[in-house]
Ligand code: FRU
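What follows is one chain in structure tokens, specifically the form predicted on its own.
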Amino acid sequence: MFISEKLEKARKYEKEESVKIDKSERPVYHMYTPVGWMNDPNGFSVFDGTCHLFFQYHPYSTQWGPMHWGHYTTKDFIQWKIQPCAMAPDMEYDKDGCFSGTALEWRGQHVLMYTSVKETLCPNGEKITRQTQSIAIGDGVNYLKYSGNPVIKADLLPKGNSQVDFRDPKIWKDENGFWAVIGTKDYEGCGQLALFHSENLTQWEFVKILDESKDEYGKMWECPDFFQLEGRQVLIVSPQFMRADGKEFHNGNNSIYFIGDYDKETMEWKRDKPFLIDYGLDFYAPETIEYTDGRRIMIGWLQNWDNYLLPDGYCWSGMMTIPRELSIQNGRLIQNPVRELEKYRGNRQTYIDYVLSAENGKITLKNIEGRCLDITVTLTKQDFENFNIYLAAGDSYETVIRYDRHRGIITTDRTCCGMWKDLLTERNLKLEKEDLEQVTLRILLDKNSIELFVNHGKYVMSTLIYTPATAKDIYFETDGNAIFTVEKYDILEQI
């Protein structure tokens, strides 16, 4: 198969440079970029019995640049094997970037659909950008871009829709053929999702505008995902330029979901109200897969565009969340770490109904420490105003999870995690009344991140912390009286 000069260069660079990075910098059980920059997950799919995950990739620096597609595979969602860079911006129609997209298996081949980006400089000095959709077909390692690319152009959209913001196709197949939903903007600059149909992957027709923001939930809707789950239909989008709405949505880039119903024959989609997917500081552009055993699994970019955090001197930037199993309960999307993580747990330590009072001050519990942990804290009796857990603590470092019982607010605070820049350090989550009687906090702690799953996955908060590995103490504190249970496991690098 033909390998372009640009792609060969990227493959050679990542192979040579990735091995130079100190392993002690890397997370233990989260997927990360081999070298350079990583953002959105792409092409999350099963091909030939193996799970593939691609990602937005600029190998040559830790800043966003001309987008490539990096590539990993996994058999269990915990151990990831790097594959050679899958795509580079090496065609005239995608010379300025291979942006986000998705993938599927068809007739023994792996089909990638992505946004191809081309910028043209006009004689008058004006720069014109066009985003189109293209496909590449491969064998799980090497991919050949279709000679008839791009296969979907913005001129198929209704009159007045943006020719520039037209990206991030979600592709799927059913008994009626191939479908793609793509983010775009209407004539007023508000986000829309355009639905397309094809019989053969190469010839597409516009069907309808499936949904639209109407300026209620941000502007451009990036990285849409649209799938069935437990008899309902779920739409995930990542809106740009949202404004805060209480504690449910924050300013800037969000990732939200709608649960509703979809009639495949009439293509009618009716949705309920939206919710935030992740209430933490670092989460964007999630993508899901229907795995071979029927589970719907989601992974997201563990970073934030507007609040970029990276220590000086690092040669890599970007990691993904733990893959999460999705379900629906009482109209909410429930997220929990993939069950495969349990195979990597060891050194179990428990404390049942431990009694803590304000007079004890900040306390540690024997064998409850470390930086690669799966730890669950369940508050069984709450006679206090505030309960705090200090993670990755030591010397002057700590990241705090605070629970304000009377206000029903959980806060993650990384002010003292070791940051040198004036970035956003706190984010809040407000619990619903029915969640207050018993609060369960499951914390996945890795070298560079904290993922907090509240009340069995009803809420999630993801936060980067690049804290020195020597800071591994965990403290508990309350201003009243608390009875709580702790179940801790170390996450082992090998099983």
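Residue numbers run from 1 along the displayed sequence. Remember, predicted model here, so these are calculated numbers, not experimental data.
Although not depicted, the form predicted together with the ligand is the subject of the following passage.
Enquirer: Give a yes or no on whether each residue among Asn254, Leu281 and Glu451 has a heavy atom within 4.5 Å of the ligand in the predicted complex.
Expert: Answer is no for this spot.
Enquirer: Is His110 close enough to the ligand in the predicted complex to count, meaning some heavy atom within 4.5 Å?
Expert: Answer no; every heavy atom of His110 is more than 4.5 Å from the ligand in the predicted complex.
Enquirer: Considering only heavy atoms, tell me if Gln56 and the ligand come within 4.5 Å of each other in the predicted complex.
Expert: Yes, Gln56 is a contact residue.
Enquirer: Taking any heavy atom pair closer than or equal to 4.5 Å as contact, tell me whether Asp40 reaches the ligand in the predicted complex.
Expert: Yes, contact at 4.5 Å.
Enquirer: With the partner left out of view, is Ile289 within 4.5 angstroms of the ligand in the predicted complex by any non-hydrogen atom?
Expert: Answer no; every heavy atom of Ile289 is more than 4.5 Å from the ligand in the predicted complex.
Enquirer: To verify the annotation, which of these, Phe196, Phe387, Phe99, Phe226, has a non-hydrogen atom within 4.5 Å of the ligand in the predicted complex?
Expert: Only one listed residue qualifies here, and that residue is Phe99.
Enquirer: Answer with one of Phe241, Trp305, Tyr314, Trp106: the residue that has a non-hydrogen atom within 4.5 Å of the ligand in the predicted complex.
Expert: That would be Trp305.
Enquirer: Determine which one of 63 to 71, 24 to 32, 457 to 465, 46 to 54 lies within 4.5 Å of the ligand in the predicted complex, judging by heavy atom distances; exactly one does.
Expert: That would be stretch 63 to 71.
Enquirer: Between 461 to 484 and the ligand in the predicted complex, list the residues on our side with a heavy atom within 4.5 Å.
Expert: Nothing in this stretch is in contact.
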